[in-house]
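Okay, here we've got a single chain as structure tokens, the form predicted alone, with questions on binding and movement later.
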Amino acid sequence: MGKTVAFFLLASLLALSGCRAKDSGAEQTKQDTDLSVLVYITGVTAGSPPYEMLAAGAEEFARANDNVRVMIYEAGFNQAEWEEQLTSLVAGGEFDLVLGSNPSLPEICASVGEKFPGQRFIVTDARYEGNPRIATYFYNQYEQSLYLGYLAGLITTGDMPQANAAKRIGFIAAQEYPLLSKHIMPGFLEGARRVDPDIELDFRVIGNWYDANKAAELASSMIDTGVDVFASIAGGAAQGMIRAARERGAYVLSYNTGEYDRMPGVIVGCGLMKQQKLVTEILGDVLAGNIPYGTSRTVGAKEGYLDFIADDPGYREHIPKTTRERFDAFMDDIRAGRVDFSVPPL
């Protein structure tokens, strides 16, 4: 779609493009609001906890503030189309702010911002500095991986029913990208090796975010090599890994959100990203004029934006008490900033 097409024309074509737009204040015009926000989802919302929380936080803020209008836009999985879509969306000047969450999004925003110098962008789960139109908030995923890896290490070296003697943990990813290869994977392995330095990591890549059958095949082959506990960053494809873990006998740890009810006894540990909380706070700062554009802020467990869900039966009833005591003590140290670790550069 041409870059000068008016926004209303783009919106009228959303059904044809396969993308979804949801306007929380359709009756409002930009002149009626103090803040008009485009929540730009680089993918689809359903099945992606970070995107679900991003949208929920923006909509929660709009409900609490009559002078705020929010539109949710799903851009789909074809990254080659994201810049053109975003350009078309902001070309009409409908939005004061574009809000997104993706490590690849700041570069796209920088390119779009060159065409529209007045446009402002905020991206979570990303690090990008020096552009006066862009602010980013970077989740310390090395830290979350460290404590999930520590739990994986306790499980694979422990005496839970599905644990074996191989000291081998698994990780399945949809695709490789710098944050995954430089922070998430090394953090996960470091956490496990803080329990036992002989633990090995089996890492596999699906190639997309939706192929659950491929994920199941990979997980099954990894179980054949001795993997007894998995983690993943794989979107909807992760359901295949979970299915294989249930059928073959293994455990799963989840990033970012509570999923114990999805497969009790199989999903036995869940990290937590407090994206919804962060988004509402960000939008409050936007309204107050307190956003330091051009900077990046790192947030983690000590700051209250990453955590672990320990008050759920899916954890308490399936992880042995002695293991929980060791892990809970480690998490207390993480929250208090008492665990020393170095985050590699991206």
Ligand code: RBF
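In this text, residue numbers run from 1 along the sequence as written. Just so you know, these numbers come straight off a predicted model, no measurement behind them.
Keep in mind that the form predicted together with the named molecule is missing from the display, and what follows is about it.
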Contact test in the model of the complex: residue 79 vs the named molecule, heavy atoms, 4.5 Å:
yes
Can residue 156 be called a contact residue for the named molecule in the model of the complex at 4.5 Å between heavy atoms?
no
Should residue 51 be classed as touching the named molecule in the model of the complex when contacts are defined as heavy atoms within 4.5 Å?
yes
Contact flag, residue 203 vs the named molecule in the model of the complex, heavy atom cut 4.5 Å
no
Residue among 102, 88, 239, 276 with a heavy atom within 4.5 Å of the named molecule in the model of the complex:
102
The named molecule in the model of the complex has a heavy atom of only one listed residue within 4.5 Å, and of 184, 272, 97, 112 that residue is 184
Just one of 192-200, 231-239, 67-75, 263-271 has heavy atoms within 4.5 Å of the named molecule in the model of the complex; which?
231-239
For the stretch 156-189, return the residues whose heavy atoms include at least one within 4.5 Å of the named molecule in the model of the complex, in the order they occur.
175, 177, 179, 184
